[in-house]
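Single chain ahead, by itself, as structure tokens, in the form predicted alone.
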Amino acid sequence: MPQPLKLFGTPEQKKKYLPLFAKGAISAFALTEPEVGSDPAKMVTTATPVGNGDYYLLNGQKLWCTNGNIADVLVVMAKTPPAIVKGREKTQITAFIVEKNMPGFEVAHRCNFMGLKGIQNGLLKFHDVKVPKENIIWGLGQGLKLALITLNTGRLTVPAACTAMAKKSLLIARDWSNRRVQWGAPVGHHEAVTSKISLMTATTFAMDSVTWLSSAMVDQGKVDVRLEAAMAKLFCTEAAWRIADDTVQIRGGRGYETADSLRGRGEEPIPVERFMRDTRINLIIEGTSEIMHLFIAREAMDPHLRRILPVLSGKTPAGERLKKAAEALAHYAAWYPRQWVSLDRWRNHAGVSPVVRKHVRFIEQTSHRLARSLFHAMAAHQQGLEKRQQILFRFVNIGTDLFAMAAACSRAAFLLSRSPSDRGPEELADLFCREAALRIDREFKSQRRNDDKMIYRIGRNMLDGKYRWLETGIVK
């Protein structure tokens, strides 16, 4: 709650609530509902004005609300009466400040999960909770926008936590791989394990770089970080899951055994299996990996859609359509040729080593290639592209890897300028960028040659029950 209050609260709201949080009051952010997760616009919790609009009666349920069970004050999103815009109803979602002692507020259940055993998270119910209009944050209908802006911050806390887990995993893997001897040598000296540790190390450097770069953008206070926050969240959570998996594998049976069990038989209680349980949720909370892919894709396409959709829409008047078509043609006549030109902007930058410069050149060239490819896909599929999610996901994977490469190169150049004799950051950036470039190449090739249609057809067949015979043979 302090974040939306800080950004959008009235002076009176800040004066009333911020001192409480400074003294230790706990807050929560209630958005998700039992039947509404990744599409918050479909929420059913309502806030009905009463008493000439001086109060609102809040009714509904909120699920998986972190801190909700013990919160003193909550921000609750609810539907308020629709606004009429150009003769049509427009859904309004509004943010309300709710205090735990307001009559009608109930903590109905504390949720338990695969991991996150120490978290307070639950199901909250609201039955005619009377909230004064002074508790509206930012105004009627601004709740969804407020939630999305607030989620930017949440999306950056997740990469930070993932990076910390990855760093701890490196420490554990290095120590164990040096101590554990198999076939006459430490397991870390065997190539199969060494390669895992190498890629874990380079990836952790990239995660650290992405986290610091995105956070620095937020600290500037003047940068729209929606895209960067989403890419940081997507990249770091996916990478952390792989690192947790590799750490369990390197530790072997001890990786799968709980810390309590290890302690009980006299060994060091290293909680690697907990890492795996706890980090799995990061691919889901603050926007699932699938939603992050779609969000990033839509953000990337939005500048094109704003120019092209009015031209394609049958609702656009003929004169306006001609005007929009001429504007789009003029824009793309200048924009498209530039996507075939790379300027190698860092050619004469004294602080950038040849190794880093090589990858920066690749990033620039490939960014242009990505822009061209996305434009070509939009031209080929037009409005149908939004439904071709496997195509969009590949574009997003390419863009996210390019962002991570840029962060790693930038940080390597910075650290190298501070300590020229330490080539470690450069080596890690080099390895990460080499591996990322291979992934990018595979994604581009998969756009041309893939089994997307067959994969979709078989998936639909499965949903329709065509392969029910495959579900038989289970011992009851």
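Since the structure is predicted, the reported quantities are computational estimates derived from the model, not experimental observations. In case it trips you up, residue 1 is the first one in the sequence shown, and so on.
Although not depicted, the form predicted in complex with a small molecule is the subject of the following passage.
Comment: the small molecule is not present in this chain, but in the predicted bound form one of 211, 121, 400, 94 has a heavy atom within 4.5 Å of it, namely 121.
Contact with the small molecule in the predicted bound form, judged by any heavy atom within 4.5 Å, is made by just one of 332, 256, 113, 375: 113.
Although the partner is absent here, residue 424 lies well away from the small molecule in the predicted bound form, with no heavy atom inside 4.5 Å. With a 4.5 Å cutoff on heavy atoms, residue 59 does not count as touching the small molecule in the predicted bound form; it lies far away. At the 4.5 Å threshold, heavy atoms of residue 55 stay clear of the small molecule in the predicted bound form, well away from it. Not displayed here, the small molecule is approached by residue 284 to within 4.5 Å at the level of heavy atoms in the predicted bound form. Checking 429 to 437, 406 to 414, 443 to 451, 31 to 39 against the small molecule in the predicted bound form, the stretch whose residues place heavy atoms within 4.5 Å of it is 31 to 39.
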